[in-house]
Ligand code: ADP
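As a starting point, one isolated chain is supplied in structure tokens, in the form predicted on its own.
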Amino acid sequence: MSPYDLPNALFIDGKWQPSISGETFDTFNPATEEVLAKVPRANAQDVHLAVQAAHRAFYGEWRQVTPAERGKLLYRLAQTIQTNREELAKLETLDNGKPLREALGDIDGVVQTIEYNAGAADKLQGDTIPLGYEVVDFTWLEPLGVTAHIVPWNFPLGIAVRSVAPALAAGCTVVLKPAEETPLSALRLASLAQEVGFPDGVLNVVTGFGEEAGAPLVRHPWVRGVTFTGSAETGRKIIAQSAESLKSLVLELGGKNALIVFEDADLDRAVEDAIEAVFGNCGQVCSAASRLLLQRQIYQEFQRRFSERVLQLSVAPGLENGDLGPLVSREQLERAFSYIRSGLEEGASLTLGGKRPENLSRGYFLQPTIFEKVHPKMRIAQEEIFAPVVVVLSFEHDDEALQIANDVPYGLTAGIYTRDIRRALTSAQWLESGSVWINGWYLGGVQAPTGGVKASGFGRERGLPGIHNYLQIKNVAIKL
């Protein structure tokens, strides 16, 4: 299936239907700037229909499906996605721009995520509470109800499934709003879910813009839980919009993550990991290492090796499988250039990159970019750039490294490279972040919870904590 074969329609209550207004918007190939497809532009009326369908399904057919049967449906969905792996990966590459190699890895992660949650669906159980011989007290775990999932464009299907799969495993119903830049794989997910037998209304997909579709979805009184991944600015809006009906929220927001290399680190490992940590997915990852903190004793040697590796990286359209593809949109490219200008104006030294590759006149491409001589309070060292741009800072001693690492608004991830386990674990205790990785980057898996502190949000996704986002506890007591 090519992107042009996808229905130009919303998926609501098991049916493909145009937006009520009839309006559409274009989604672009960021490598060519050409239109891939026209997609329905949903508004509050469309959102209401989707929530209504999910509400009806939750109190109807879906409620009668046993946990074991939910698990089987999810497992069939995982197998169907595996069968369509190459098609889905190509769709992600065309819509997002990432190298096809990375997109294939993303789809493998999608399959693993759904399989994990499929296996957990019939293992969600309550407890008995010892209140004495005259009272029997126990808890039930019940699904929240209708859940909203507002996902970003950097891992369109991966982040969608990260919350949709546990919600379905828990027995919730779903309204999914993909990012307007990358809506195509979510629509394909809907068709595959229908193909494997999910009841009508259990999974609904509305495409559109934040203020027109996302905000009405968050405010809708029948929506009981909202999961959002994106910017801290939008996260604050969601908190305010959801306050009236007191919804359950899971927010993974931005990051300005530090990769700390101590003088006793394995530099070969640290350099190779830093390449992926900084430039994977063209730097468009909330948990990317956008700050390298290097101890002075190894600063020059690390930078020499790191710069040599960066110069070897290729930039190309995603289907050509270079090391970096384009940024997702013209807006993101212009945003990255604005930060590069800001860094230069504040006195940082542009060591490498900072420009469009000379051989790529079309598309939203940016060279891998390194800044040195950066003060920790500069904008480029404090704010999330979300591009293949890294700032390099130095430190003298452990306490200084931790102070610099923590002195940002965010707290999503951090990394430590050292051969000293005591130093590693002591540093991990003091780092203000939801995840700390030691001698590796992007560690963990579908079983390991992830999430942020401070302006990086709250709540945890993945693992069993990720499923419990979509469950509520009911206590039952019986007087004997």
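Numbers follow the displayed sequence, beginning with 1. Being a predicted model, the structure only gives us computed values, none of them experimental.
Form predicted in complex with the ligand: not shown, discussed below.
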In the predicted bound form, segment of 185-193, 315-323, 101-109, 208-216 with a heavy atom within 4.5 Å of the ligand: 208-216
Please determine whether Gly230 contacts the ligand in the predicted bound form, using a 4.5 Å cut-off between heavy atoms. yes
Though only this chain appears here, would Glu181 touch the ligand in the predicted bound form if you measure heavy atom gaps against 4.5 Å? yes
Though only this chain appears here, would Phe395 touch the ligand in the predicted bound form if you measure heavy atom gaps against 4.5 Å? no
Taking heavy atoms only, is Gln382 within 4.5 angstroms of the ligand in the predicted bound form? no
Residue within 4.5 Å of the ligand in the predicted bound form by heavy atom, from Arg356, Arg76, Lys237, Arg330, is Lys237
Counting any non-hydrogen atom inside 4.5 Å, which residue from Gln241, Asn84, Ser248, Ser307 sits next to the ligand in the predicted bound form? Gln241
Residues in 134-168 close to the ligand in the predicted bound form, defined by a heavy atom within 4.5 Å, in order: Ile150, Val151, Pro152, Trp153
